[in-house]
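Encoded as structure tokens, the following chain is the form predicted on its own, with no partner shown.
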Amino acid sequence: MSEQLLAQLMNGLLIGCMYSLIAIGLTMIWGVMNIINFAHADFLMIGMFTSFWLYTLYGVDPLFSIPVCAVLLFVLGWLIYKYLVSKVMTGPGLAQVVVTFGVSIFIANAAVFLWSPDFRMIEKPLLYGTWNFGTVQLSIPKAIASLGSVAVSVALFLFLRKTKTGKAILAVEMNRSSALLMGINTERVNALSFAIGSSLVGIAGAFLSMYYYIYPQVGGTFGLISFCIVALGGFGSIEGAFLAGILIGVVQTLGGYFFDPAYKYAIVFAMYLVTVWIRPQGLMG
């Protein structure tokens, strides 16, 4: 394997880990509530801007803004569920789509109004530079962000499998009616799942702000890929979203390397279409 190809493979794994963390929150909300949160990618943008402004105004490094982003997006997700999404949970599916789509448009336009469409970047985060492995260079911010994404994903997995609250969420995901008969407060589980999913993407936003451009439409770049990951991994499957995120990161990067960077997204969606044609329920659905 050539050194350049090895470097591309490593880059694919790193961006794939970020994709996984973003998509896990989305698939968790779908698995529990059966709704598509179109505002998910805009929550990512809010997390990135929160890190940016904490750094610009108060000198707080993105690494230390992660808890703030997690709590802020948790509260925001909880409020949006309680006062908007919960009102249409028993309504037609189109109403649920319109609500989250409307929230997405509102957040994106509010960001343009408040912060302008300009591109921003955190110039000198605490972690910068590269690690050199022979002739292969690895970006330190990307590596730390990806390792952090994996750690958060594992923590979520353990929370769902080992805690009483996590098991209640899984029970609702498997069978809402049976969970209700068992005495589980499904409304509370809905709110908690929406808040946790939002918090996860807020954490991803803090990680991304260490090395990625920050602007109001940044969510759109990751949003479409996230929906593809959720479908490829299997709707509602957290393990599937984790694997699909890494797979798409690698395919995207290697596709750009072997063909042309302009075709990398086309290659990703071609792979997705072929996969769901063979296995419509996704890899682990």
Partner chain sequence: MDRKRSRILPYALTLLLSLSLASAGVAADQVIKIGAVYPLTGAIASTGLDCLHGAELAVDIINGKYPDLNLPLAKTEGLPNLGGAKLKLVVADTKGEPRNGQAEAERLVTQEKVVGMIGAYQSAVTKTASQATERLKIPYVCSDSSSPTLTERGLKYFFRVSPHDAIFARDQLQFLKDLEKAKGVKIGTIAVLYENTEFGSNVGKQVLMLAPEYGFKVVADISYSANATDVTSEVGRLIRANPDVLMHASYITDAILFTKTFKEMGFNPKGLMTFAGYIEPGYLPAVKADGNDIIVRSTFALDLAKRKPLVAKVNALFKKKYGIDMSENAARSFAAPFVFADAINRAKTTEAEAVVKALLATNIPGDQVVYPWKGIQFDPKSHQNIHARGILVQIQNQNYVTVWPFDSAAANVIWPFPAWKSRK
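Bear in mind the structure is a predicted one, so any value in this text is a computation, not a measurement. Residue numbers count along the first chain shown, from 1.
Same protein, other form: the form predicted in complex with the partner chain, not shown, and the subject of what follows.
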Contact assignment for the partner chain in the predicted complex, among Asn185, Asn109, Asn175, Thr165, heavy atom within 4.5 Å: Asn109
Candidate from Gln96, Ser153, Ser139, Ser104 lying within 4.5 Å of the partner chain in the predicted complex - any heavy atom: Ser139
Which of 233-241, 29-37, 215-223, 60-68 lines the interface with the partner chain in the predicted complex (heavy atom within 4.5 Å): 215-223
In the predicted complex, Trp53 touching the partner chain (heavy atom, 4.5 Å): no
4.5 angstroms heavy atom contact with the partner chain in the predicted complex for Phe49: no
Non-hydrogen atom contact Tyr128 with the partner chain in the predicted complex at 4.5 angstroms: yes
Exercise: Gln281 in contact with the partner chain in the predicted complex, heavy atom 4.5 Å: no
Stretch 105-129 - residues with a heavy atom within 4.5 Å of the partner chain in the predicted complex: Asn109, Pro117, Asp118, Phe119, Met121, Glu123, Tyr128
